[in-house]
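The form predicted alone is given below as one chain in structure tokens.
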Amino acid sequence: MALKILLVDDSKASRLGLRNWLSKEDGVEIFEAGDGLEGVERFKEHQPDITFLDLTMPVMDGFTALEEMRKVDPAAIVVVLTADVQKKTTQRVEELGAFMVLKKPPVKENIIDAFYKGLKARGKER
């Protein structure tokens, strides 16, 4: 069974970079959304094993999207990607249930590390 990954970011370039890195992992199926609202809809539709979520997006921001995703699945593994690494921002997303917060622009090794830590937390180690 494929591992489902959801990429939610309004930047096509960011999604493409993440997709390129993560698609090299065996047995993954990747879904994308360009804003928070679409991300929540895709989250409900595909029930991903791990979600990579930007915070600053149109329609619905990442804070609200994270909150909505955690309502759907309280055990959701959501890795937040943001250029805003102020302590108050990090603290807020952690309080909302983010699994991890990574600084943008992302580094491939950090993304792959987050992917495997998320799988382990989900009980789907490889």
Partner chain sequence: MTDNRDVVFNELEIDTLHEMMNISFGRAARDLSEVIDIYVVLSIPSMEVINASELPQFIQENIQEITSGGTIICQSFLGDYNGICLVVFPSDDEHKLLRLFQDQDDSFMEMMDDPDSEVFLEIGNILIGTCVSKMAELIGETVIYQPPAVIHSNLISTSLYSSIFDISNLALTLNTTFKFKELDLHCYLFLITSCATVPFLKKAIVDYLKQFE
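Residue numbers count along the first chain shown, from 1. Everything numeric here is computed off the predicted structure, so don't read it as measured data.
In what follows, reference is made to the form predicted together with its partner chain, a form of this protein that is not presented.
Not one of Phe31, Gln47 and Pro74 comes within 4.5 Å of its partner chain in the predicted complex, counting any heavy atom. Although the partner is absent here, Ser11 sits close enough that one of its heavy atoms falls within 4.5 Å of its partner chain in the predicted complex. Although the partner is absent from this view, Lys117 stays clear of its partner chain in the predicted complex, with no non-hydrogen atom inside 4.5 angstroms. Proximity of Glu94 to its partner chain in the predicted complex falls outside the 4.5 Å heavy atom cutoff.
Within this chain, Glu67 is remote from the site of its partner chain in the predicted complex, having no heavy atom within 4.5 Å.
In the predicted complex, the residues of 89-105 lying within 4.5 Å of its partner chain by at least one heavy atom are, in order, Thr89, Arg92, Lys103, Lys104, Pro105.
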